[in-house]
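One chain comes next, on its own, written as structure tokens: the form predicted alone.
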Amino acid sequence: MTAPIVHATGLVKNFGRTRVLHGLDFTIQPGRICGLVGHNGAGKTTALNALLGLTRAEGSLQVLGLDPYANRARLMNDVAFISDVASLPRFLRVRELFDLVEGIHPRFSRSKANVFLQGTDIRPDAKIKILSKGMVAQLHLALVMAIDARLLVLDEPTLGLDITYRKRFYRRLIEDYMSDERTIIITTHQVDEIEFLLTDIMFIRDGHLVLDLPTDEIAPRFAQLGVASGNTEAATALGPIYADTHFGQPVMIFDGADSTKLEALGTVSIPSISDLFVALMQRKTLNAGDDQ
């Protein structure tokens, strides 16, 4: 059986008396694209920092078979981490940025990066600070795809870009970079822009994982019901996890409900990841406030 890329059991992180991560348990297998989604302050970046060996956490954590905090230098040979495009050093020229990354990451290929920039208006002598946001996104993407890493970690990588460049960034990442040998972890609070590419989803709220499953298991488990007129009381009795009104029609989301019963009450569909995120982020976590 193939060893997991990431395996965490009881992952806890405290900052002073404040508990930021509340005993997270999760596994990420090779060749997957996992979205770690939550509102700002939910614990996404803290969890990533633990995976990257940037902070010590309690519990058991293995990344590529290693304790990331104790073996960070060794781990980084097979891991690439890219934050938002604003993190690129704007005072450098493009070729100087390539020099920097070449010196930092042993699996960065300058020739590949240059190939990915072919057909763009980005020139080696151009200073990053004069590039448009779209050009910076293209440069950022070239850096990502020129690193031959087993694990790529993207922390809000398209923050501040318009939707056109965000979608182009992710589409090229899938078409030109992703393979069965690579795994990608993406954190974001804008789930709608990445749901088309995810194989796995984790929702984090206040340091708790409230959902962790492959995206192809959403349909068998969750259902969205557009409630027909006069059936609101009967639908509510089936225990929806979320209820709202869309253009005057009650809409409810159910977890594990009998599809036959739902179909008798209205129009049943599969909730989008975005809708599921809204539903689960507004529920109270069963162990919220439990800092044991």
Partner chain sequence: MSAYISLIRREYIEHRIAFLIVPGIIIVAALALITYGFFANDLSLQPGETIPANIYIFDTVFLAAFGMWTAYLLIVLTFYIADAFNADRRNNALLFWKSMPQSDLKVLGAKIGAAATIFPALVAAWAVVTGIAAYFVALAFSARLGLAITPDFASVLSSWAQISLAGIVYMVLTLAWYAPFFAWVGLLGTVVGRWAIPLSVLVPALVVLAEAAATLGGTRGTMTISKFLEWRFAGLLDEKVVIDQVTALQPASAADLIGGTLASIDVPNLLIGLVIGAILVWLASEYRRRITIA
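On a predicted model such as this, the values are computed, not experimentally measured, just so you know. Basically, rigid core = biggest C-alpha set you can superpose within 1.5 Å across the two forms. Numbering follows the first chain given and starts at 1.
Just so you know, the form predicted together with the partner chain exists too; it's not on screen, but the next bit is about it.
By the 4.5 Å heavy atom rule, the three marked residues 72, 77 and 87 all count as contacting the partner chain in the predicted complex. Checking 211, 113, 173, 97 against the partner chain in the predicted complex, a heavy atom within 4.5 Å turns up for just one residue: 97.
Put simply, of 119, 220, 106, 124 only one has a heavy atom within 4.5 Å of the partner chain in the predicted complex, and it is 106. Using a 4.5 angstroms limit between non-hydrogen atoms, residue 228 is distant from the partner chain in the predicted complex. With a 4.5 Å cutoff on heavy atoms, residue 261 does not count as touching the partner chain in the predicted complex; it lies far away. For the chain shown alone, residue 54 is a contact residue for the partner chain in the predicted complex, at least one non-hydrogen atom being within 4.5 angstroms. In the predicted complex, no heavy atom of residue 199 sits within 4.5 Å of the partner chain. The chain is drawn here without the partner chain; in the predicted complex, the stretch among 55 to 63, 29 to 37, 249 to 257, 235 to 243 whose residues come within 4.5 Å of it by any heavy atom is 55 to 63. Once the cores line up, the CA of residue 128 ends up 2 angstroms or more apart between this form and the one not shown.
Annotation for residue 182: C-alpha shift under 2 angstroms between this form and the one not shown, rigid core superposed. Positional change of residue 92 between this form and the one not shown reaches 2 Å or more at the C-alpha, relative to the superposed core.
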